[in-house]
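One chain follows as structure tokens, the form predicted alone.
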Amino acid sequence: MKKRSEMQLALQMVSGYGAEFSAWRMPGTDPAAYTNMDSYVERAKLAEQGKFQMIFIADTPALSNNLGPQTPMFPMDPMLALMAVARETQHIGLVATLSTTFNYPYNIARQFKALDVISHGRVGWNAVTTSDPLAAANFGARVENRQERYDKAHESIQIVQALWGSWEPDAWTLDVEVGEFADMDKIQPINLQGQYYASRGPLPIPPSEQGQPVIFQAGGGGEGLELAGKYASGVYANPYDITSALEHRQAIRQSAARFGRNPNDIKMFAGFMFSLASTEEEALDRRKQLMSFNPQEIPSRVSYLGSMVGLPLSVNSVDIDQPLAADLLKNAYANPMDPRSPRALKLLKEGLSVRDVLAHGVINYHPVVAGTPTQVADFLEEWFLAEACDGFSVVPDVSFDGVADFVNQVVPILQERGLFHKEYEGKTLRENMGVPYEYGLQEHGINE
């Protein structure tokens, strides 16, 4: 198979601990990393050392999990975390999620463009809608229907882009002799009015080295694909197998083409989790140790695994540390509604115990590889060469050592295979992603 251009990598920062919400209890981890911005900076510097194109912080404006045994799912505030990182890094991109549903476009535009200027053109905005009832309650609002959320998203993105371009590129004159700080004829209101949002403008911020922040999108369905195809240069996706990844990437590229864009100008990043060790057995032991911190979750995980393979599994009906009996396995099948099910069934039929199958991450949100650096590199290579994605949004099980291990052990393998770059291509996020310069609202107008 002909090899494509090099893959791109984004490091998901989560809440400072890693993909597993029990990671805060692992030896060596700072239990208070949630509030320690030095921890975020350290991980970002490691990712920059490994030439990652960007770090990525997802976010939902709500506390949505149990903080008794678990850490939060997101940082205290993604923009403030990125601000801390921006001042301590030079090359790596800085991407954060901010909802189009519960934020005014002017606030979004101002925050992201200010950070883009401060970081010298390294910022991206992951524009998403929000349907979480807990988030809606935090704003005294109701949960809007899907069409309404996406109609608002289109208005929000268009207004944000117009505000980003409210200074002409040469408006900032800084003419000391004449006494002209900026040419006000080249700084104009945008005066956009939509059904949900409006803004007069302009922003009090000049363009950055990359013009404006890079727009990202996350979320599926027809509405999500339209949003991505119309505006995004990067898409975060959650396929679990190569087949669904190929389908999603092709749909994104087709959407871009429908809006008159070059499909190569939009990059899809597939979510990916890993646990690294010198052997696969040690990596699985690491994941089982993480599972052991929350024993109260094991019954529900066992039951969920049973639903994936059509068996009534429970901690009371089977010994989860032994292979399933042959007479039970003969009735098992892969649930066609869950793309993770075939792998779960395959592992069970290979004679792995229920606990070991769970340790392989078969019920995790992203695909999981628990194994050696070569095994992780092999997985990434297979997906990339199959054209299932343009890169990966990688999440270590435990950030404390997982980021450094990936940078020091997996990245060199990818580079040796010619799959990942060895130096940054430029100074801005756009240059390092290989996407075009953009500045201001593109050719479409609001509500088109």
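It should be emphasised that the depicted structure is a prediction, and the values quoted were computed from it without experimental measurement. Throughout, we count residues from 1 along the sequence that is shown.
Only in words, not in the display: the form predicted together with another copy of the chain, which the text now covers.
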{"query": "Option from 214-222, 235-243, 103-111, 250-258 whose residues, in the predicted bound form, bring a heavy atom within 4.5 Å of another copy of the chain", "finding": "103-111"}
{"query": "Candidate spot Y34, A62 and G179, all three touching another copy of the chain in the predicted bound form (heavy atom, 4.5 Å)", "finding": "yes"}
{"query": "Position in contact with another copy of the chain when the complex is considered in the predicted bound form, options L134, V143, A277, L328, heavy atoms within 4.5 Å", "finding": "L134"}
{"query": "The single option of A283, L313, I205, V376 touching another copy of the chain in the predicted bound form, heavy atom within 4.5 Å", "finding": "I205"}
{"query": "Another copy of the chain contact at N138 in the predicted bound form, heavy atom, 4.5 Å", "finding": "yes"}
{"query": "Another copy of the chain contact at I363 in the predicted bound form, heavy atom, 4.5 Å", "finding": "no"}
{"query": "Contact flag, P339 vs another copy of the chain in the predicted bound form, heavy atom cut 4.5 Å", "finding": "no"}
{"query": "Proximity of P69 to another copy of the chain in the predicted bound form, heavy atoms at 4.5 Å", "finding": "yes"}
{"query": "Another copy of the chain in the predicted bound form - contacting residues of 73-95, heavy atom within 4.5 Å", "finding": "P75, M76, D77, P78, M79, L80, M83, A84, R87, E88"}
